[in-house]
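Take a look at this single chain, the form predicted alone, given in structure tokens.
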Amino acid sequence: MLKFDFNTYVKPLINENDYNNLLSRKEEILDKFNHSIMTGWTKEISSELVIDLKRTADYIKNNFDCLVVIGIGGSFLGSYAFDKMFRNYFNDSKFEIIYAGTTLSSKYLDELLEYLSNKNFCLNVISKSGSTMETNITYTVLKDLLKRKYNSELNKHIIVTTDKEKGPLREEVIAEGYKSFEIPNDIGGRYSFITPAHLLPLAINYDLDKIIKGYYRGKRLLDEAFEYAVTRNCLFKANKYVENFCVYEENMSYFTEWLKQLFGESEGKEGVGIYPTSTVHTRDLHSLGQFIQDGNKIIFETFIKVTKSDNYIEYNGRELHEINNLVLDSVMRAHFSGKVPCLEIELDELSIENITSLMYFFMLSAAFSGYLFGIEPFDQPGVEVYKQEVRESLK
């Protein structure tokens, strides 16, 4: 179960007329959203695809030591963030999945090659365009290792997730007979959690039915998602240009990385948008906490609170998770006293269904927020600028 409080530590710091005016635009924004060609992530996933994903996941678990997922940005952040949340911190027994393709560090890639040299591994390369530089470099290097190890059995070790019809990876699938999955044309990378790009790696260690059920449960949160988008836009009008996502569990840190991509790429266009950043508490209270409390008042915060925990540690007669949440509540009050607005999202527990519902909620909010800013939330033209510079430099 999810609860939302966008009022207690926010409303006194925003303009009521701005809020009501934006709230009155709901039908207009929903109409734009419903007429977008990039909302495939709201459609039901087919039962045939779910069966195929489960079957392929079983094949990977039964035939390999580990899976290497190669992707960057929207091709990996959703599944990686989810996986980090539900693995043990130490001595994790789940099937090993390595997420690669996110860096051009030669040291990292060299050590990865050495690590995999004695592993029977499978590759899942993910790129909708099939031409992403970081993904292609990592894929080429690891495929060369597979060739040296397995040669004629290469197609047993490679799974491709890409565009249905076009691109270099689709051409390779046709030529080599690799197992493949599709990223639909009506779903962009950062909105692709419900596609094989994320569901295949997750199907190996987690209950896919629970993931999907929780995800579509997020449809019920449309009103809350719009209210969140309106509140954020009002805060922007009140010169709050930075949103700090606050979590109190270290294993949720990559969930905030997913949030940063979602909102950064959806909103940051045409000179507008809220800059997304994140903190993990209580660690960052002892570094950035000073700035947030007393520094430049350009920040507002969204706290993600988990009410219950299955892990019982006692300190001075108090349960440690209770103390953690006591700190969260105290920080919101303290920061609000320093004119920092604080929004709160509460999960009764850190469960698969709650997290996937929350992901749907945030995707709705990002889309609504983009339209409230007057920009297209489903493209990312600015990302292409650096790519073009790199292409010119490599000529």
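Note that residue numbering follows the sequence shown and begins at 1. All figures in this text were calculated on a predicted structure; none of them were measured in a lab.
Just so it is clear, the following notes concern the form predicted together with ligand PA5, a form of the same protein that is not shown.
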| item | value |
| --- | --- |
| Partner contact for Ile72 in the model of the complex: ligand PA5, 4.5 angstroms, heavy atom | yes |
| Ligand PA5 contact in the model of the complex: Ser129, any heavy atom under 4.5 Å | yes |
| Glu267, heavy atom within 4.5 angstroms of ligand PA5 in the model of the complex | no |
| is_contact(Asn233, ligand PA5) in the model of the complex, heavy atom dist at most 4.5 Å | no |
| Candidate stretches 182-190, 320-328, 274-282, 300-308, one within 4.5 Å of ligand PA5 in the model of the complex by heavy atom | 182-190 |
| Contact residue in the model of the complex, chosen from Asn244, Gln261, Thr102, Asn205 - any heavy atom within 4.5 Å of ligand PA5 | Gln261 |
| Within 36-68, the residues that have a heavy atom no more than 4.5 Å from ligand PA5 in the model of the complex | none |
